[in-house]
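Single chain ahead, written as structure tokens, the form predicted alone.
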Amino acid sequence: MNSPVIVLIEPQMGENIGAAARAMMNCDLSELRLVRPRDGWPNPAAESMSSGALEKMPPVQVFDTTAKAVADCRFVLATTARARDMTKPSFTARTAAAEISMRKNNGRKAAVLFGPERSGLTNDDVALSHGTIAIPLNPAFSSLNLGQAVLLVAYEILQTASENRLPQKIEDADSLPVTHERLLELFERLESELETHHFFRNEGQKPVMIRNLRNMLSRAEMTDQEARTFHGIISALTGKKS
């Protein structure tokens, strides 16, 4: 129920989606989500390449934005092959698996984001994550295809789960990290109030400032109660009760 979700953002080839699904099933992961797949969904090439994995998995969900794809998740990691101009915790596949396992044992749903084959994740997608995953490989030849990248991360998740089977601890709802759906509501409200009160004086810098704000708040891993408190702070500062 709390196994991590694999999210492929704008995958370009059905074969790569199928390879990713096969890698997931090899490692006992079954929830695959797609964001704007280039060739649409369902995809016959993906079905063929999955070697039956897609038939064994729940129906693949398709979303039009990354935010919607991770709306119900409380911990999100973004795979990236290059350094980003963002301050975030960075993990290897193995240490990321340990972080995911710890949160899974506390009832927190996690997601791992994978970007398009050619370009990788955008900065806006990475800003939605709580941390990044980098896979250290031969610096002279570090190219991985999508299926390989999913397999490496999924394998480490499987190994960590088998080595560390702790009893699941269900936390009080208020102490759980806020879901991305609620976090997005907070983002949008804060940005709207900042716009109203002329915080964004330079329109050219506004997208970067918004990305930095989202990155900062995502990194905090606020609980539901803390997010409600933040809403209350906004209300107090703007003179609005709700």
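Start at 1 with the first residue shown and count on from there. Remember, it's a predicted structure, so these values are computed and weren't measured experimentally.
One more form of this protein should be noted, the form predicted in complex with another copy of the chain, which is absent from this view; the next part is about it.
This chain is drawn without another copy of the chain; in the predicted bound form, the residue among E47, E185, E31, E193 with a heavy atom within 4.5 Å of it is E193. Checked against another copy of the chain in the predicted bound form, the residues L128, L151, A161, L121 give one hit for a heavy atom within 4.5 Å, which is L151.
For a residue to qualify, one of its non-hydrogen atoms must sit within 4.5 Å of another copy of the chain in the predicted bound form; none of V62, L113 and Q205 qualifies.
Using a 4.5 angstroms threshold between heavy atoms, M13 stays clear of another copy of the chain in the predicted bound form. Proximity of R38 to another copy of the chain in the predicted bound form falls outside the 4.5 Å heavy atom cutoff. Although the partner is absent from this view, L144 contacts another copy of the chain in the predicted bound form, with a non-hydrogen atom inside 4.5 angstroms. The closest non-hydrogen atom of T179 lies beyond 4.5 Å of another copy of the chain in the predicted bound form. Residues are counted as partner-facing when one of their heavy atoms sits within 4.5 Å of another copy of the chain in the predicted bound form; in 22-38 these are R22, A23, M25, N26, C27, D28, in sequence order.
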